[in-house]
Structure formats: structure tokens, C-alpha cells
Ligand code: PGA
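The chain below stands alone and is given as C-alpha cells, in the form predicted on its own.
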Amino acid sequence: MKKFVVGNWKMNGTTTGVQEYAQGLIQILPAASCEIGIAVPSLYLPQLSARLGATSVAVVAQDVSQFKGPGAYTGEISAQMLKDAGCTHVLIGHSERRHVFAEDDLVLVGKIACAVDAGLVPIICIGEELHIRQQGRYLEELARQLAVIERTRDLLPATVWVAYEPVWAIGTGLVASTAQISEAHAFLADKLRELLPKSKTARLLYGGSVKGSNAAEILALPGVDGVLVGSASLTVSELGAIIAGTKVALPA
């Protein structure tokens, strides 16, 4: 299976910027040897989908409502609305949603259920904070966060996407060492084999200050099936450098 590079714009972007970005991305697609997904703010999803609809690029939502809808949920965006806007995937449980917006497992389970019901592929994000890493409890914490997968495993699609993002390495300039990434991914792969039915396969992305200069090294690690990229995905040139890094893992 090809590597999967997902760019998460977070709360950035303009209408003009999305148009220019899409044009630039289309130009580099012929040289890409990986699958690509772009997560822009919900406001720009229809525009991105319209521009990239004829390509293989996945349009990814950054979040989804825990409520199925339609209904009286002012400000919420349902999974069905995201599907209607052209989305194929959605991020669920990103550390910023967990820690800034206090989303707990009950909320995340609801979001996963709504996403799958609407035909969206959830990319379930997990990761430990710095103090947990320093206390040596990070594997225990990762196992705890996998509870949302255990509770929804019968609903999940055949390929289950999980993004491991150590919270202390998101937007800080700090990057987990290759040994730390390999340890976490090996642990998660083992746990997911235990949790998921044999009919389902888990694929693991790594996220945390991924950029063009370190992407190749990270993507070459066993068990790293792709990357979830934050600020470095805001420019096509930097995203292109990351996409080029996927070639290191291609068979000779």
C-alpha cells in the first residue's frame, strides 16, 4: 500500500489561498508516489473539492459533529454535510480537540459513529503530552486512548487509520527520535491487532513537526504508513518536499 500524506491546515487559509494551493498541488501530482489528503477549514471544503474533484487527492475534514443531524445544533457541521461537501476522510480526536476543546472518549465515539455512518473514513488521532512522556507512562496513555477504537471496532471500515502525534512535538519544532517513533508505532500495531477483528487492517500515520527535511527519514521507518503534517503543509513547495520523501520506502 502507498504511503499516505495528509496535510492539516488547522485554522489557516483564504479563498484565494485555497485556489492557488490547489493549482500548485495539481502540478506536482504526476510526480507523486503516495496518496495525498488535504484538511482545510470547513468553510473551504466545497471549494477544495470542486478544484480537486477530478484528482486522486482526498478532501479531509478537520472535525465532525458528534450529532447525526439534521437538528438544532447551532454551529455544528454533521458528517452528512461534510460528505455532501466532497469529503472522503475526517480527522477525529486531534490533540487540539482533546486538550483545547476538552473532547472526551464519549464525544469521540459519537463522532466516529457519525462519520462512518455517513461514509467518511475516520483518521483517529492519539498522542501523549510531555509530562506523561517524562513520567514514562506514554505507552499506558496510548493504550488508554485506543479505547475509542475498541468501542467502535465493529463500525470501522476495513482499513482503520490511526495517527500517532506526540503532543509535545506538535508545532513546537521538537521531533520525536526515530527510536521513539518506532517504539510507539510497534506498540500501537500490536495493540490494534489485539483490538481489531482479523478482517480489519490498521494503518499508522506519524505526526509532529514533520517537514521536508525530516520526512524521508520518518517515512522509511517500519510501521510508518504515512504522515500527518501541520504547518509544513501550508505551502505546496514544502508539502512537495514531504511527498518526495515517500519515495524512500518504495521497493527497489
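The model shown is predicted, which means the values in this text are computed figures rather than measured ones. Quick note: we count residues from 1 along the sequence shown, nothing fancier.
Not pictured, yet referred to below: the form predicted together with 2-phosphoglycolic acid (PGA).
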Which residue among V59, L205, V64, V210 has a heavy atom within 4.5 angstroms of 2-phosphoglycolic acid (PGA) in the predicted bound form? V210
Residue within 4.5 Å of 2-phosphoglycolic acid (PGA) in the predicted bound form by heavy atom, from L156, L146, M81, I170, is I170
Counting only non-hydrogen atoms, choose the one of 127-135, 91-99, 111-119, 70-78 that falls within 4.5 Å of 2-phosphoglycolic acid (PGA) in the predicted bound form. 91-99
Against 2-phosphoglycolic acid (PGA) in the predicted bound form, would I243 count as a contact residue? Criterion: heavy atoms within 4.5 Å. no
Report whether the minimum heavy atom distance between S231 and 2-phosphoglycolic acid (PGA) in the predicted bound form is within 4.5 Å. yes
Which residues within 1-24 place at least one heavy atom within 4.5 Å of 2-phosphoglycolic acid (PGA) in the predicted bound form? N8, K10
